[in-house]
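In the form predicted on its own, a lone chain appears below as structure tokens.
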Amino acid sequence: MDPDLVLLLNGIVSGLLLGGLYAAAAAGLSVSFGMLDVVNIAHPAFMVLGAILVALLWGATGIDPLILSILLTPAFWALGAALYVAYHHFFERRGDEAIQGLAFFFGIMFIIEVGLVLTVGPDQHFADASYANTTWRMGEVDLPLRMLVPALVALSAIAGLSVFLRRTFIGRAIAAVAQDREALRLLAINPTRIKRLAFGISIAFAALAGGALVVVQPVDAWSGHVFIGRVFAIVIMGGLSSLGGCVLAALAFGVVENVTATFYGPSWSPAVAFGCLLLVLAIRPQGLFGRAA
């Protein structure tokens, strides 16, 4: 087989696996930003917090990092619910959720990052899962389990969240809360409680994404900065509240970045990926799967 074709195929496959990590990172933000209209710029910092906690617990127990991230989700849900209570009390109920709310989450991000540096130091953390050094080969294509397993776990969790949002009463209430609060009140549903529940789910997904991240690459307190632009771009390109669009946009983003890095160098990959975002928004301002206003 032509070497360039082999390189392209491996670049696409690796990009899809990278897109699985991006999907895990962006799914929680799709809930908070797309469905709840809460611009949680600190979401990648919560993902890094989850990643470092998973790495520390893995070092102490030896339990698989992805299992540890699942075990951490209840604590992160509670943290997210408490955080939304504060956000709603000080900003949202007074109509100050735009600039002031954004500053609030920026401050939360700074507190998480500095807190991690002060408690665990600036060093990188990594969880060496038992399958991390195993690679499956399908002809000329390599499938490193270090990326494949986290991607499959993340996509399975997103599929479960999608079923929950579509098939359950609470899930449909979450999908509707940002569109018409008064309609929910007429059904005797408290929109604030629904948003608190949904924001907790959003932060719980950050823990899952952190477990996937720490298996794929080393993480330090500042690693969230790499993901801020990417996860927001993916959510916007996918259509804000569309989980399916978020996943497809994440996979496309990963492929474009990885193929560009393979053939033209890593310095070009973010520019090309964000250029694709601008192209999509020029053609479909509502995103790939967003609804036109």
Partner chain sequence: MTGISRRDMGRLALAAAAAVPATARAQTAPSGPPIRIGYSMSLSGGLAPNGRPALTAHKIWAEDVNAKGGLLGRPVELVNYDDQSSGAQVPGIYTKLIDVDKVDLVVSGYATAIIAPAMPVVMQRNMCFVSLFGTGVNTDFKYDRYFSVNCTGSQVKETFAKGFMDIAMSMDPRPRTIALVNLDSDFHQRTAESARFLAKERGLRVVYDRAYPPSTVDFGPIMRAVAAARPDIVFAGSYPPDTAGLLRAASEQRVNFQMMGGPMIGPHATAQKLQLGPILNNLVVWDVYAPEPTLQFPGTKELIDRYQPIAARENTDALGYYVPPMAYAQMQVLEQAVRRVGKIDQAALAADMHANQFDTVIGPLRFDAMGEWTEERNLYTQYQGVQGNGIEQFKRTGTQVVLYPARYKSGELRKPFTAGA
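The structure displayed is predicted, hence computed values, not measured ones. Residue numbers count along the first chain shown, from 1.
The protein also exists as the form predicted in complex with the partner chain; that form is not presented, and the subsequent description refers to it.
Colleague: Give a yes or no on whether every one of R137, W222 and A261 sits within 4.5 angstroms of the partner chain in the predicted complex by heavy atom.
Modeller: Yes, because R137, W222 and A261 each have a heavy atom that approaches the partner chain to within 4.5 Å in the predicted complex.
Colleague: May I ask you to state whether P144 is within 4.5 Å of the partner chain in the predicted complex, using heavy atom distances?
Modeller: It does: once the partner chain is placed as it appears in the predicted complex, P144 has a heavy atom within 4.5 Å of it.
Colleague: Give a yes or no for A132: in the predicted complex, does one of its heavy atoms lie within 4.5 Å of a heavy atom belonging to the partner chain?
Modeller: Looking in the predicted complex, residue contacts with the partner chain include A132, since a heavy atom lies within 4.5 Å.
Colleague: Would I63 count as touching the partner chain in the predicted complex under a 4.5 Å heavy atom rule?
Modeller: Although the partner chain is absent here, I63 would stay clear of it in the predicted complex, with no heavy atoms inside 4.5 Å.
Colleague: G59 versus the partner chain, in the predicted complex: is there a non-hydrogen atom within 4.5 Å?
Modeller: Judged by the heavy-atom cut-off of 4.5 Å, G59 is well away from the partner chain in the predicted complex.
Colleague: Tell me, please, which stretch of 195 to 203, 145 to 153, 164 to 172, 69 to 77 lies within 4.5 angstroms of the partner chain in the predicted complex when heavy atoms are compared?
Modeller: Going by heavy atoms within 4.5 Å, the stretch is 145 to 153.
Colleague: Are there residues in 12 to 50 with a heavy atom within 4.5 Å of the partner chain in the predicted complex, and which are they, in order?
Modeller: The stretch touches the partner through S14, L18, L21, Y22.
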